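For reference, the chain that follows is the form predicted on its own, supplied as structure tokens.
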């Protein structure tokens, strides 16, 4: 074979290899790449440190009453944290309300420790400068339900009412862009930037989405609660930011939590 022919063969092989690489690259979807990225960051969850900090807060006397939260009833009796997140939100007789985890923690911090609810709800989310005690406590409690099957009840009339209202809120279109939660989360195969948007009307999607929150956001370096997640969704819809632990957010949480029934809770999760 002449030098000229050899060079042609080598060029042909190089082009074939290049085309094969391009074809293989095209076969890997953006969703696959995102999944690969999540696998890369999944070795160890920084939320574990917040969980430990939350446990210390739970057991440390604080507030004007100098009391711990070890007598706090989150739905399974005073002091019980194992499995409670899997049954929340639920109706509590002492407040005559349906409460999610964060609103119930506020109730305990007020009644047991003597804190002011007005002060607690002013800055309930963690920032780069200061982590929120409520978020730390939430992270601790949810960690005690890992592996427990979701079983949120709608038997009490107020629980059923909260679920029904939450479903209405999920589908309610308003705001400058005429958006609803369902605008992004009732359609298959859609995405915002790198984020897949699960169709929450599909049972398996609702289960995997709900049971991965609260979660540590790598891009923010902070653990984020479910109340924060809902607030951020309202922000993206260009709605006014809801008041922390408002009935609106609790009702919406009830609808989504019931939709996740039957799945094992897997949080705290890890998000990009």
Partner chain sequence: MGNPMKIRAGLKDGVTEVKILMQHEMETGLRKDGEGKLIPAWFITEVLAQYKGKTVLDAQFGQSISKNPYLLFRFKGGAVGEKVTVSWVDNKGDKRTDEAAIA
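Numbering follows the first chain given and starts at 1. Fair warning: this is a prediction, and the values are worked out from it, not measured in the lab.
The same protein has a further form, the form predicted together with its partner chain, not shown here; the description that follows concerns it.
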Contact of residue 94 with its partner chain in the model of the complex (heavy atom, 4.5 Å): no
Heavy atom of residue 45 within 4.5 Å of its partner chain in the model of the complex: yes
Its partner chain contact at residue 244 in the model of the complex, heavy atom, 4.5 Å: no
Interface membership of residue 128, its partner chain in the model of the complex, 4.5 Å heavy atom rule: yes
Location of its partner chain contact in the model of the complex, chosen stretch of 199-207, 62-70, 48-56, 228-236 [non-hydrogen atom, 4.5 Å]: 48-56
Stretch 218-236: residues contacting its partner chain in the model of the complex, 4.5 Å heavy atom cut-off: 221
